[in-house]
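First, one chain by itself in structure tokens, the form predicted alone.
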């Protein structure tokens, strides 16, 4: 097993086994990161979350392969006094906890701000106890690009200097205060500033991760199947849900926003490099995305429709998409960023990381999982008679 061999970091030094406290371990990213750490390293995990569904296969008593290397603690970090003690027991804290679904930013702005900034206890405890922190932020901290404010016919809109997002130079541009969609981005930016200040003033060893649309199996939920019926998940699960139900994919404001997508398994490689190379990662903010996988949301819908038809063997609808307004879909106060294209210079220089998986391949892998996991349950849900 790989975990029994001595691991070497990027500087040729042996990697000592760590005890890692992972806050939000039961989520999409946390579940993949737990798998990676248990399967490939000797590190121990203190997995902390209010839910364990996505990691239950790692907690089974017959998981002898990593018996004793993962413990689950059902804790809400806002209300549990055990948090600081667990941070003291660990060498490294990874904070993944967040409300991070766009549908919530408008409808639950207070919860969003409290979750992503006010509930910043992990930062405080890491700083006070001289423990290293890897904190997950978001590409949303960049907001809109400079290019989006130029005239539509300006040639500068095509200049990467006006739309490629760089950790150390790009400004963070948000909409007006009444656009509550930016509650998440503002809270995430402010916690980044708090972490950076803790590093500057109190010596906190930190790494900040800015994910650019990590997608793959176990992302989000399918409404009414493994999540609330009235819930609105992020774009990949939203489109997956429509495909499973043979409904049209809703394109908000025409689906003209541009995004890049990176496969979760590629992204987790980057996080493991951060964990095991603190000398190269500490004090840095890292974009983690795939600029080669750039599409409009409309193009994403078209690709997902084609891939799912191939995976499921069912023909696509004649009219697979429908345009809806952002007000209709998200409610009053929604606003959007135009492009999210990450500059990868810093992570490539510090950690030598580059994403590998094409958008078509990662969609094929993800939709194969979605079909295998949910298709039958969705069919049963659809066939149930509704009570009047």
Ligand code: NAD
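Since this is a predicted model, take the numbers as computed values, not measurements. Positions refer to the first chain, counted from 1.
There is another form of the same protein, the form predicted together with the named molecule; it is not shown, and what comes next is about it.
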Is the site here open or blocked once the named molecule, taken in the predicted bound form, is overlaid via the site C-alphas (blocked: 3+ ligand atoms within 2.4 Å of backbone or C-beta atoms)? open
Within 4.5 Å of the named molecule in the predicted bound form, do we find a heavy atom from each of 48, 75 and 78? yes
Within 4.5 Å, heavy atoms only, which of 145, 137, 258, 248 is in contact with the named molecule in the predicted bound form? 137
Of these, 242, 98, 194, 268, which has a heavy atom no more than 4.5 Å from the named molecule in the predicted bound form? 98
So in the predicted bound form, is the named molecule close enough to residue 234 to count as touching (4.5 Å, heavy atoms)? yes
With a 4.5 Å heavy atom cut-off, would you call residue 181 a contact of the named molecule in the predicted bound form? no
Indicate whether the named molecule has at least one heavy atom within 4.5 Å of a heavy atom of residue 334 in the predicted bound form. no
Exercise: residue 28 in contact with the named molecule in the predicted bound form, heavy atom 4.5 Å: yes
Choose from 309-317, 268-276, 171-179, 212-220 the stretch whose residues reach within 4.5 Å of the named molecule in the predicted bound form, heavy atoms counted. 212-220
